[in-house]
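As a starting point, one isolated chain is supplied in structure tokens, in the form predicted alone.
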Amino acid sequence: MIPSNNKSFRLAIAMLTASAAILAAVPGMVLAASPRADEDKMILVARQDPGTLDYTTSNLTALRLWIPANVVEPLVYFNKDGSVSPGVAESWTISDDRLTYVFTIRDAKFSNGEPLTVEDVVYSLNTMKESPVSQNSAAYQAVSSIEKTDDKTVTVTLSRPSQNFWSGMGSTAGLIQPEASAETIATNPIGTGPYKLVSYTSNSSFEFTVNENYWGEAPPIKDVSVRIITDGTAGLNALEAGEVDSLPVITIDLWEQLMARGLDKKFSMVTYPQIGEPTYAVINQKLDPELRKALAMTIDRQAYNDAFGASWGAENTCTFALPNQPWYSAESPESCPYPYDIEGAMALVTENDYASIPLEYASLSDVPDLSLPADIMVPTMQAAGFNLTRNAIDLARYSTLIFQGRPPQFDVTVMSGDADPTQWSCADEASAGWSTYCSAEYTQALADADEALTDEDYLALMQKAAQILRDDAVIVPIIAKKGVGLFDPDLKGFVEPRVAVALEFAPLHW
């Protein structure tokens, strides 16, 4: 690689850039490269403001896209090809009975210059073990102890084998932070990743720069800005005008516009399963099971798919999963216990006097790919005879009222999110959160799958759990969406997320 401070090299690049700009004005010629290409910079677009950067207490995609892998690293990384790479742990050993994991912690510094210690690792894992985010804490259900072995190693002991534990060490459950900076994590998370957060301005932007203390190879792009542009059309306009370099996550409400404007031809379009999401209705578990089933019968999955105008990017399903998960099934008579039947639903409303039961539908007013399904779902349920009132609230209020509400503060809602089935695991109804789903049978099926020692047994048990979820009509899947992103054609190096949905900056380059 030629050093960027070489004057001749920079002059040559400047001349090439100017030539490209001239060619771009000629019909049929390629567009000029981004003005950031010669500045070691890039600008990305976020569609939502996370409100907090505390990944130990929030699982919003708007947070997990940017902080994990870039700023804060997990113990290990699970790669697309099935291999495992070092993260905060430079090596590890796993006992034959899969009950003891010993992690050797690398010599490294956090982005604030403080040394990474074994104590920080023990603190971080214990924090995630107690996390209110079920995807984090679920990884530790079989963990009996997390201990410092010596100044280089941490030993984690399990009471039983756990597939969730090992996979969690390469996801958000395995993220490592400095204990001394824990109090500022909501606004300034610190980690050992290739970048550090310079600033976070709510509803405006994130600013990142290369972490000079990073233990690995320095990334090719020094500075990264993430602009928060909640209006999707405005984001696409900014990309087409060259003001930004990528919309790495394009929500389903923009897919039809994306194709109509030919942006899939002007820019590099990527699809990737990690950022794909199921869209699903959530029906409060407190409601009678037969009432839940009647509500589920009003859901015409194809109508939702058609409304987004991009069936190439979404598949109808009754299974809470994505197509890359082996227990997934597309919509079929065999996999849908309560297929669309509006007349049948109307008959049940009349037969059981469901119209006398007031129901509240909580919907998001400022998340288009969720407000659109609500626009379909509410009038359809009302047309079937349900006494349903819509309560439309913004994401900030929804996060407080719905996500943190105990007991759940709604009867019906619609949501998109991780296709992680463990988030619904809950054996005690008194512990029900926003998901409203607490089933001892479902929780046991997941626990049995977690202990499975073979892939065949694991798949069979996950299929059993998926069927329980379908039958109970609390989490009612509608469609499974692909992850879709657009990048400047000259911005290369995109890799599929390795840490949940996190978009990794480091591999990207001009």
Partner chain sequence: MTVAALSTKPVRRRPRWRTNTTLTLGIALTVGFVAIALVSMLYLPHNPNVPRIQDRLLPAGSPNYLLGTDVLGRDILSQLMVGARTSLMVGAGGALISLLIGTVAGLSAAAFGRWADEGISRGADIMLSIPGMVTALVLAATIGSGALTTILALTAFFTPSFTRVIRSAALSVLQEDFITAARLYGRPTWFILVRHVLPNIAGVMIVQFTLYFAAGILTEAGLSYLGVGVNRPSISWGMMLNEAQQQVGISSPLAMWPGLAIVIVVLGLNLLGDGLRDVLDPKLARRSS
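The structure presented is a predicted model; accordingly, all values stated were derived computationally and were not measured. Numbering follows the first chain given and starts at 1.
Another form exists, predicted together with its partner chain; not displayed. Remarks below refer to it.
**Student:** Which of these stretches, 365 to 373, 326 to 334, 341 to 349, 72 to 80, has heavy atoms within 4.5 Å of its partner chain in the predicted complex?
**Tutor:** Only one stretch qualifies here: 365 to 373.
**Student:** Counting only non-hydrogen atoms and a 4.5 Å threshold, tell me whether Glu90, Ala108 and Thr155 all contact its partner chain in the predicted complex.
**Tutor:** Per the other structure, none of Glu90, Ala108 and Thr155 touch its partner chain.
**Student:** Its partner chain isn't shown here, but in the predicted complex which of Arg160, Arg397, Lys286, Lys222 has a heavy atom within 4.5 Å of it?
**Tutor:** Going through each option in turn, the one that passes is Arg397.
**Student:** Its partner chain isn't shown here, but in the predicted complex which of Ala307, Ile357, Val84, Met259 has a heavy atom within 4.5 Å of it?
**Tutor:** Checked against the cut-off, the match is Ala307.
**Student:** Against its partner chain in the predicted complex, would Thr233 count as a contact residue? Criterion: heavy atoms within 4.5 Å.
**Tutor:** So Thr233 counts as contacting its partner chain.
**Student:** Even though its partner chain is not shown here, does Arg390 get within 4.5 Å of it in the predicted complex, heavy atoms only?
**Tutor:** Result yes; Arg390 sits at the interface with its partner chain in the predicted complex.
**Student:** Is Pro379 one of the residues lying within 4.5 Å of its partner chain in the predicted complex, judged by heavy atom distances?
**Tutor:** Heavy-atom contact with its partner chain at 4.5 Å: present for Pro379.
**Student:** Should Glu315 be classed as touching its partner chain in the predicted complex when contacts are defined as heavy atoms within 4.5 Å?
**Tutor:** No, Glu315 stays farther than 4.5 Å from its partner chain in the predicted complex.
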